[in-house]
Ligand code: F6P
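Next comes just one chain, in structure tokens: the form predicted alone.
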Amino acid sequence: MANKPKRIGILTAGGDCPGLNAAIRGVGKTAIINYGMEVYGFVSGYTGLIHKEYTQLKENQLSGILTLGGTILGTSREKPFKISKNDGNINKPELIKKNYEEMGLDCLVCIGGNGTMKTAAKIGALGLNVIGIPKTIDNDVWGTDITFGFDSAVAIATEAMDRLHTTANSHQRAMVIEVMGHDAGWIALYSGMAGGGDVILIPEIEYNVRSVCKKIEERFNEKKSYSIVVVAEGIKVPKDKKPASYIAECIETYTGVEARETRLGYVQRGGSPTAMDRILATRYGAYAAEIIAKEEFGQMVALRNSALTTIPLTEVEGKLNLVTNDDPLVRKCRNMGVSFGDEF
């Protein structure tokens, strides 16, 4: 009698980002075509796993989704191991284990960011087989050099800066553009370099607003008619102030230079993924199927020095990949005269 084909589940959790469908496709097509597995997609992240809401994914359903933004499975920010007063007597971890076992799953693939990887590690601790695939536009998942979704977000932010250069030059203004990044400043750093930012403010490097204003003054004194200031949303500002608004107000107050603010917001997370993110998400997905076939569970797929590898989910939990002051890109920016607002 032939061995029973492996049966795997896939879910996407946390915030949406470009490349999720490419990752689903990478896992599903490789699992079905190369390994003869059965693939099931859970609806709305961990919510679908709790309520046993799923659909079987056939190979033809995975065609045509590579270029699509969002996720065909839907997502949610459900945290099944966090007790809520609205849960009543429902034991979510117990339901997850029960549903996993009733469906006869051999592995669960969890695609998401830091919170998703933390939950995946906890599911693994229940005795279930799990694999994590890291995604987030913030690029702050520890253990991998890069997450898919990041390149797309940087491309969107860079295009916005390209457009702001023309209006800033026309009106001799300082343009302050706010990008996503609560704890990590990767989007601000990369888009700031790619988009010709003159000042880049990120959560990891403490800034002094007078230092920022001094940089703006110097540029105008040097007959440089405009300045681009890139701000990560997670920089420290006074209470009840928004980062871009606060920096723009300070520039006008302390320098007299006209300043305008632009917040990109959720546009950074939407739309079709870049070619780089399509490839990275596909590579991650296909590699996840490969390590499931090898029965190497409890791992997160990762990219280290351009090579695919894995890292135990228990090592990823509770850590962040943050920009350091001596990051090569930070040094290169400083060498070209970019200010990080810390030149006291």
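Quick caveat, the model's predicted, so the values are computed rather than measured. Numbering starts at 1 and runs along the sequence shown.
The form predicted in complex with this ligand exists for this protein as well; it is not shown, and the discussion that follows is about that form.
Out of the listed residues Lys98, His182, Arg263, Arg210, His182 is the one that sits within 4.5 Å of this ligand in the predicted complex by at least one heavy atom. Taking a 4.5 Å heavy atom cutoff to this ligand in the predicted complex, the contact residue among Val229, Ala120, Ile137, Ala188 is Ile137. Arg219 falls outside the set of residues with a heavy atom inside 4.5 Å of this ligand in the predicted complex. Within 4.5 Å of any heavy atom of this ligand in the predicted complex lies no heavy atom of Arg173.
Not displayed here, this ligand is approached by Arg77 to within 4.5 Å at the level of heavy atoms in the predicted complex. Using a 4.5 angstroms limit between non-hydrogen atoms, Asp106 is distant from this ligand in the predicted complex. Of the candidate stretches 220-228, 89-97, 247-255, 173-181, only 173-181 has residues whose heavy atoms lie within 4.5 Å of this ligand in the predicted complex. No residues of 35-56 lie near this ligand in the predicted complex, the criterion being any heavy atom within 4.5 Å.
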